[in-house]
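The chain that follows stands alone, in the form predicted on its own, written as C-alpha cells.
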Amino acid sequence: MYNKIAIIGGGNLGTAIAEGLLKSEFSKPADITITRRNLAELEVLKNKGVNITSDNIEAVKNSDVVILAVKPFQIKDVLDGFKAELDPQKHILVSVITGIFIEDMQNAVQKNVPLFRAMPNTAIAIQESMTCISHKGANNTQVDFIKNLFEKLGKVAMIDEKLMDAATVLGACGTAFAMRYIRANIQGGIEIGFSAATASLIAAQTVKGAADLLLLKGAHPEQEIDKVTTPKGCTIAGLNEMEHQGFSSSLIRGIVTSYNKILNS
C-alpha cells in the first residue's frame, strides 16, 4: 500500500535511511527515490538501483511516503516547493529533522496529510538506531507501517511529541555520552596494561554485551550488577569509588543540562 518511498535530502541521514531499507530488504531499490542537488554524491545508491534526482516534485509525485531529511533551515522552502503535490488520500509525510514540530509541518503544507516526526540517532547507519516517533492525523495502518519501517533501522518507541526534546537528549545526545564512557574505559584499560586497540575492543564489546542483556532479557541494570559484585570484590570497590567521585550524579546532571539547553534555545 505504501511501497514507494521518497527521501528528500540525500545527506548522511537520508542516505543512511536508504541503505538501511535496502539492507533489511524492507524496500526494493526501484521503490526508493532520493533527492540531492549534487547527484554525484548519490552514485553508490544509483548503482544499487535506487532512483536519484534533484527534482523534489518528481520524487513526491512518484511516492507514497515522503521522508524529510534536509537541514532545519531548509524545511519551509522545501515544503513550499512540493506541497501542491501532496495528496492526503495517498501520502504520508515523515520528518527526521531536529527541532521541526508536527505543527510546523502542518502550517507549511496546509493539508490534512498524515504527519510523523521521528528522532533517530547516528546508529541508524548500521541499523541500530533508537528512534522515537510521534504522529498526528494517521490511522492505525499508517502508524504500523511507519513503526515497521523504522524498526528495520533499529529499535522504536512511540511517544507523545511533548517528550521529543527529552528523547533527543536520551537517545541522540546519549550516543555521545556512551562514547565518552567507552573512551574513558579505553584510557583506563591502557593505563592497566592493554594496547589501545585491545582496550577499545574489550570496552566496546563489553558495553554492547551489557546493553544486549537489558534489551534481550528485559533485565534491570541492578540485577545484572548484582551478578558481578561479590563481597569485598574488585567490582564493588570500583563502583563505589566511581560513585564517591560523582559518577551517576554527573551523568544525570549532564542529561538535565542538555535538556535545559534545548528548552532555552
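Keep in mind that this is a model prediction, so the values were computed, not measured. When you see a residue number, it is the position in the sequence shown, counting from 1.
The same protein has a further form, the form predicted in complex with a small molecule, not shown here; the description that follows concerns it.
Colleague: Heavy atoms, 4.5 Å, the small molecule in the predicted complex: which of 132-140, 114-122, 150-158, 179-187 makes the cut? Say which one.
Modeller: Answer to the contact question: 114-122.
Colleague: Thr35 near the small molecule in the predicted complex, any heavy atom under 4.5 Å?
Modeller: Yes - in the predicted complex, heavy atoms of Thr35 and the small molecule come within 4.5 Å of each other.
Colleague: Any of the heavy atoms of Gln127 lying within 4.5 Å of the small molecule in the predicted complex?
Modeller: Taking the distances in the predicted complex, the answer for Gln127 is no, it never comes within 4.5 Å of the small molecule.
Colleague: Could you tell me if Ser27 has a non-hydrogen atom within 4.5 Å of the small molecule in the predicted complex?
Modeller: The answer is no: Ser27 has no heavy atom within 4.5 Å of the small molecule.
Colleague: With heavy atoms only and a cut-off of 4.5 Å, decide whether Asn56 touches the small molecule in the predicted complex.
Modeller: Yes, Asn56 sits close enough to the small molecule in the predicted complex that at least one of its heavy atoms falls within 4.5 Å.
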